[in-house]
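Shown here is one chain on its own, the form predicted on its own, set out as structure tokens.
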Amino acid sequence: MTAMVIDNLHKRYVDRYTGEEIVAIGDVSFSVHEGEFVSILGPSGCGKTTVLNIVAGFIEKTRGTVTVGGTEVTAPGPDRGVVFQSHALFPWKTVLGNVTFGLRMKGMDKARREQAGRDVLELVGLSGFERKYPHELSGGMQQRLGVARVLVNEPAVMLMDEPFASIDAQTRRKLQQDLTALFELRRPTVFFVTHDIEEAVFLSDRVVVLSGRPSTVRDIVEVPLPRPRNWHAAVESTDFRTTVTRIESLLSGEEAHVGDGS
């Protein structure tokens, strides 16, 4: 089943100071299947986050269509949950209060939402921190909480906008491993924006590679790594290196001829 379809998406801005027209997204089309992890990569400024923000309903497209669960996106909605680069937690709410906020807005009774919250906090490794506040957590723990807050609401699509970009390398690798383990356990549908090729390959089933602005889909690369995945085993595999090299070639504008002797 198809969870999300982007068809001939185009986005044009007009600079408010110069009046210059800027085409951020030229013509982008791809789909994401239910239970699939799809990442999007491209040169800096190509519109990766703009695509995500249009899917989230935060900004309007110029033309084209975006549908989630067969319904066209026209505004933000509970069928799409966003994990931001900056965790965007409520500082005045506890960990449990943050993770159950969406369920409370849906009208779920306190006992059920707190149990659901505790269950998902256990999944992301935050059991025992229910009564802590965001400022009492490390950066990595705050991002785990951001993931939990989206996951507990069971959206049709989880949208993740470079959620590990501002975290140190060691913590980032741990969170990547945790995210893939969580994905393999729950199988949510994930649309993930990143600038890190190795991160995209390790996490994803497919990687959408965009061209420079105005962006089009240069290629959609299948990731042949089996699941479950382990970071150290993955990066040492031939399939991992071959896929990374293929994407590097696409991003550099070269044709990749990996393994064919050319």
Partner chain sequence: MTATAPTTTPRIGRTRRRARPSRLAAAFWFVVPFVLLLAIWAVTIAVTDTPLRTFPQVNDVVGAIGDMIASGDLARHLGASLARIGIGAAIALVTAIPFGVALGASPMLSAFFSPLLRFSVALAGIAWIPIATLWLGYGNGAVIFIVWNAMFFALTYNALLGVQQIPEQLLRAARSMGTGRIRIFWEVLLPGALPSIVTGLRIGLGYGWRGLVAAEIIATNAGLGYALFLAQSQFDTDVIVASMVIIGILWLLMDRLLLAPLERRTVERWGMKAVS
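Keep in mind that this is a model prediction, so the values were computed, not measured. Residue numbers count along the first chain shown, from 1.
FYI, the form predicted in complex with the partner chain isn't displayed, but the following is about it.
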item	value
Partner-contacting position among E184, E122, E130, E136 - heavy atom within 4.5 Å of the partner chain in the model of the complex	E136
Position in contact with the partner chain when the complex is considered in the model of the complex, options L175, V82, A156, V73, heavy atoms within 4.5 Å	V82
Listed range touching the partner chain, judged in the model of the complex by heavy atoms within 4.5 Å, from 165-173, 99-107, 114-122, 186-194	99-107
Contact of I59 with the partner chain in the model of the complex (heavy atom, 4.5 Å)	yes
Partner contact for L89 in the model of the complex: the partner chain, 4.5 angstroms, heavy atom	yes
In the model of the complex, S211 touching the partner chain (heavy atom, 4.5 Å)	no
The partner chain contact in the model of the complex: R149, any heavy atom under 4.5 Å	yes
Residues in 161-194 with any heavy atom within 4.5 Å of the partner chain in the model of the complex	none
